[in-house]
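Below, in structure tokens: the form predicted alone, a single chain.
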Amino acid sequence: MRINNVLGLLYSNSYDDALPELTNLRTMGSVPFGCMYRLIDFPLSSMVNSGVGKVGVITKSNYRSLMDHLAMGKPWDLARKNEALFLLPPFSAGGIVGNQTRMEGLFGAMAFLQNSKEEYVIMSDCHTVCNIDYRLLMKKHKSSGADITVAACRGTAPNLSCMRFQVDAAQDDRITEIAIQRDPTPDTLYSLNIFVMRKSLLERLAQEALRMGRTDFERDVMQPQVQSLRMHAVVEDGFVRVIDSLQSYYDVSMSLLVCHQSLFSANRPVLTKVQDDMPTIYGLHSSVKNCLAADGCKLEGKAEHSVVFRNVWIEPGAVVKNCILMQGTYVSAGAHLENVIADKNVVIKPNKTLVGTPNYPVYLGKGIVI
């Protein structure tokens, strides 16, 4: 695979409605995750680490923070004179206004797609936390002779309207049946919404869908043509987690404290916007156990089994357990937090107690003062 022969397309707003608490003021792609990252960092880094040199990010709404995070793409080595990173905001074309579905996003980005010279396209959403080597996916796509290759996972399907597959193992996991449902079904082969195909095929499918007034890629394109197009599923191993709710966001974040080596690989680093800051300060009487803590923090109280973002201040006497504290959170002396998700710039005043459960964490919106 030549590094300049594959075009990347990222959908930053897909499944925003699955995580309304965190996407009210931002896209799914710009949701903070894992101390210092945004969700878009994972598919974007996977593309860059696999040699993809041109990436278009399709947006719909609330993408100001996404623009601030991506900027010119320098952290991903995409700040170039030719090709590089492109932000594709909503565009009215062919009677379609806005990017409500995957196909509508393609309609709005059709000029970008047609003007790109790459032979292949990799499309991905931003709600899946994984670190995939797309070179292997491309290799399997070519060797199988597939028209469309879909990255898939076997396990309990997310509570989203996504594709479930039946495959023929004798034909290199060719997809023989597609069901689309919203149900957390166990032991299912389900789509990660990562697609590989020729750009010419994607353009033809998009144009046909536009003429027919069809806007749903999975239901109007993939499902009806499962027999006429050769589609194959590639099962991804390693750390693969789909975020389909605030609860799953909490669970996936907490899982980083137990197992994350396959996600953060030295050979395929997860790249993000660099924000240089002072090292985290640990107070003389602080107690910090099993936490992920970014730089710029001041931890003087007690923190256990928590994910702590940049510039978080936990005062002496404060207790934080099983929490996600995003950038700029301030926990005053005597406060007790347990099973809490605090968005950016939350302030907890002295001696306040907030206790949720692992199955029902307390969420505090951006800038709230308790």
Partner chain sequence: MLLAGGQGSRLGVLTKNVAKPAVPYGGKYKIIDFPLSNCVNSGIDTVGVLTQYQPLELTDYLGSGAPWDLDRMNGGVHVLSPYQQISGSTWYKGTANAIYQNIHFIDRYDPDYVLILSGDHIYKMDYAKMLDYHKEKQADCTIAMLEVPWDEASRFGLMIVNDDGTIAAFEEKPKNPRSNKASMGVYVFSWAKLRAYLLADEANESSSNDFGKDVIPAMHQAGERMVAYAFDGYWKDVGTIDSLWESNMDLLNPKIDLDLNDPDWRIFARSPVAPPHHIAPSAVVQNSMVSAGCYVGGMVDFSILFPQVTVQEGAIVRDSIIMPGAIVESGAVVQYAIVAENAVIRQNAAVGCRPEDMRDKDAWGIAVVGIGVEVAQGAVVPAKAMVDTDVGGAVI
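Numbering follows the first chain given and starts at 1. What you see is a predicted model, and the numbers here were worked out from it, not measured in a lab.
There is another form of the same protein, the form predicted together with its partner chain; it is not shown, and what comes next is about it.
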Would residue 279 count as touching its partner chain in the predicted bound form under a 4.5 Å heavy atom rule?
-> yes
Classify residue 36 as contacting or not contacting its partner chain in the predicted bound form by the rule of any non-hydrogen atom within 4.5 angstroms, answering yes or no.
-> yes
Determine whether any heavy atom of residue 73 comes within 4.5 Å of a heavy atom of its partner chain in the predicted bound form, and answer yes or no.
-> no
is_contact(residue 89, its partner chain) in the predicted bound form, heavy atom dist at most 4.5 Å = no
Though its partner chain is not shown, can you say which of 114, 171, 275, 156 has a heavy atom within 4.5 Å of it in the predicted bound form?
-> 275
Sole residue of 229, 257, 201, 252 within 4.5 Å of its partner chain in the predicted bound form, by heavy atom | 257
Using a 4.5 Å heavy atom cut-off, which stretch among 172 to 180, 118 to 126, 230 to 238, 279 to 287 contacts its partner chain in the predicted bound form?
-> 279 to 287
Contacts with its partner chain in the predicted bound form, stretch 293 to 315 (heavy atom within 4.5 Å) = 293, 294, 295, 296, 311
